Each structure stands twice: as C-alpha cells, then as structure tokens.
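Shown here is one chain on its own, the form predicted alone, set out as structure tokens.
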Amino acid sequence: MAEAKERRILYENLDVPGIHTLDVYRKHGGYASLEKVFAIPPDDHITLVKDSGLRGRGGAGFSTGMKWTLMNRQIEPRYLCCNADESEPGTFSNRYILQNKPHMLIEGIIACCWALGIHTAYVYCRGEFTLAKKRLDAAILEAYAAGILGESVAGSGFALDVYTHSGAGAYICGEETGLIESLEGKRGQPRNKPPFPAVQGLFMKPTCVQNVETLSNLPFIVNNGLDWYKGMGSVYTDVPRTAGDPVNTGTKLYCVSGHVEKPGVYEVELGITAQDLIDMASGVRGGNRVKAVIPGGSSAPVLTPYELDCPLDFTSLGLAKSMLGSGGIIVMDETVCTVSALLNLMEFYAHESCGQCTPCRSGTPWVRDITKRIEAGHAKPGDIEQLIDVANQIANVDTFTWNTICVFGIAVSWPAVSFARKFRPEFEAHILNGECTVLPLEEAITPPEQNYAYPRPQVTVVQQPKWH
C-alpha cells in the first residue's frame, strides 16, 4: 500500500499572501462557481449535492443534500445559519478558513442559499475568533462592493444579504438550536426537537444550519462535478442498519493535536486510518508509543493502540462505537495518565453544561467529582462502576439513547465510559495505590477481548482513498 498523503482542496492556496482579499482570491480561481451555480435550477442543485454524498462536517455527519430536501420551502422567509462557533476542544480547522479564505465560505453560502431560495444568511462566529471575524466582515464588505452580495448576486437577479454575529464563548451554542436561541438574543439553550430547524428554526421560520467546512465544499462540487467528488473517500456495503450512511466522499480537514511531532490541520480523503494520520504528523513525540487517540473532538469515545487501524470516516468510527465528530484528533502518548486526561475533559463539560436538563446539570459534575476522587487516590472500590453508571444515566453508550434535550449528554457520557472501560487497569491502580499511577502501556489498557467496542463489525469496502 502506498503512503497516505494530503489532498488539499479547501486548503489549497491557504498560505498565499493576501488570499483573504477579493482580488487575490479571484486570481486563484475564486468565485468561478457562481456562473455555474445560477445555471443550475434549485431543485437540480439540491439533487447534485445529495448525489455527491457530502455529509455535514460539523459533527453529526448527516447527508447535506438530504437535510436540504427536508427544508420547508413553502414558507417565507427562510434562513441560513452558518455555524462558525468552532468550540469543540481539539478542533481548529474552520478558524483557518475564516481567517485565510473567507471568500470561499461566502461562495459556498451563495450556492446553498440559491438552492434553498434563501435571501438572508447569518454567520455565527465563535466569540474568541477576533481576527477571523474581522477578515470575514471585510470580505463581506468587499463582496457587496463588487456586486457579489446584495440585490443581484453577480448580476443574477438573486438577492442575498449576509450578516455576522459573535457568540459569547458558550460551548453549547455550537448545538444548532442553542445557536439559534443565542442568535435571537436569548440564553443559548437547545430546543426540544421536533420541530427541527428545517421546519421551525430562526425566528420560527425554516432554517438551514450548516458548518463552515460543509459550505466550503460546495463551490468545488459545482465546479468539478459529481464524479470528481465521489471519486474521493471511502464507501462500504453490508453496513449494519444501525451504522447509518455507508458513503464518506470528499476530503476532511483533520485537526491533529497532542503528542505528535507536527501538529496541525491535514486535509486528506476521508478514510485515512488513525495510524496513517499520526505518521503523516511525523509520529509521536520523542519516539514514544501511542497510548490513546480521541478521534472526533473531545466528546468522541477514545481509541486504544490496537484500534488505530480504524479508518477515520463516519461509518467506520460508528462501527467502532466512536465518532468522527468535528475531526479533532487528539493523540496521547504513553506518559499520559488516562484518569487525569478524563478529569480534564469532565472539568470542561461540567463548566459548559447549560443546566437545562437535570441528568446533565447534576450528572456531569457528579461524573467529574468521581473522576477527581479516583485521580487524587481517594476513591474506593465500586467508584469505577458508579462513574460508568452515572454517565450512562445521562446518555447510555450501549443503547445509544440519552436523557437530555440535546446531545451534550453524549459528549459527557461517551468519553467517560470509554476511558473507564478501555483503561480500567489504570483506573483500578489509582484506587489500589491511593495515588496517581501511570502504568506501563501494556498494563494500562483493557485487553481486546474485554473491550466493549472491539472488534468492530466487518463490512465490504467498495471504495478506499486513492493511495490504497
């Protein structure tokens, strides 16, 4: 098998000086898709995106074209909310798009709005993204001045206005209905669903919520066509029905952080394995061995070293009882205490719970406090079982059900249960020794035959990334 390599599409020309400005962006092919976009009737445009297999890059991995078909297009006005509230720990790819290629996002917004007959779009930016919002605001002004936005987008007669809005740093506003509540000026708390935003979203009108990376794919699909896009990524058959969509086309912006020699964002066809991605980042620091990998942002269940052959796509990670999420890959080497790592995550989630649902409001700090007891060496026998039980009462890992309005409960439960189960010997050593204890790698990990998520079900591979 050939060595895996980057395939830059969204990140192409990212480092060109001045690419965030309209002139430089246009010199490198920017806005070339607009003529084609307006030549495609909206219904055909929706079919194009649906057939491309593009899946939402924000976390859920839902089919973008399918989401568009669910939009109620009989009600006016309709809205697009671009989710640029990139706040999942370990994730930082959207920020570079906003800072360096804001016009690419605007180009994608135009394509989406044309397909859905939307004339008003909002970009909800993470509050800490000062430079990113400044660049995006400047790009929007340039686009208006050039006739790319406004009453007649690029002379098409189609009207579109785009506005930006800064969040206030709340993690929960990355959830689509929490984002909508915040955008309406209310406290950022998720709504009960249904109704989903496609039916009743912003200002109670049909609303499409899409992530920055998802929208940025659209100009390339329009410009290069279906076959080109579908030729990238991984596709499977014989996938269990519960695992969902077997199609994973296109590239993904993988954010690699933690104990690798060269952390950063790597754009690669969907389907690269965790081990190949670590190798692409020049391996683990100092020649150490991998102990744990979080594959989809901090809310994703952790992988052990013997699970590193898992392709990092939506389907394969679902079969491995984890998830691709936002593509935030956090690598931990053998020097890490897994109890301490989990405590770090639980401190974060206990702080960020919006407090709306009792299982999350009370359960999240409870999970944090048990983890803290174990880490400090003050725990007693049975605390590991209690940790797993409390986490599963918020969102059950085994039945894939949750007792909260939104999936924040999963973000707490999945990492907590996966760490406690997959690194149980190290958790037990903390209790037995009454202090923080980092075991040798071979002793710290639950054996494969006792791993609740291993081996993953076998499926038939129809398409793999090009290097195979």
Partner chain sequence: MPFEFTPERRAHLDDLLTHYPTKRAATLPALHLAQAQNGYISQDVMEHVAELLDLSPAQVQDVVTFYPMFFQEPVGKHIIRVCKTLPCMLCDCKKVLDHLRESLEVEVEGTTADGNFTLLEVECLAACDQAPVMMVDEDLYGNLTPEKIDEILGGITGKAAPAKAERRHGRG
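Residue numbers count along the first chain shown, from 1. Just so it is clear, the model here is predicted, and its values are computed rather than measured.
Same protein, other form: the form predicted together with the partner chain, not shown, and the subject of what follows.
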item	value
The partner chain in the predicted complex: contacting segment from 193 to 201, 306 to 314, 360 to 368, 328 to 336, heavy atom within 4.5 Å	328 to 336
One residue of D389, D245, E184, E151 in contact with the partner chain, assessed in the predicted complex (non-hydrogen atom, 4.5 angstroms)	E184
Single option in G283, P240, G127, G231 placed near the partner chain in the predicted complex, where near means a heavy atom within 4.5 Å	G127
All of P263, I294 and N344 with a heavy atom within 4.5 Å of the partner chain in the predicted complex	yes
4.5 Å heavy atom contact, S156 and the partner chain in the predicted complex	no
Contact flag, S166 vs the partner chain in the predicted complex, heavy atom cut 4.5 Å	yes
4.5 Å heavy atom contact, G188 to the partner chain in the predicted complex	yes
The partner chain contact at N100 in the predicted complex, heavy atom, 4.5 Å	no
Interface residues of 370 to 390 toward the partner chain, as seen in the predicted complex [heavy atoms, 4.5 Å]	none
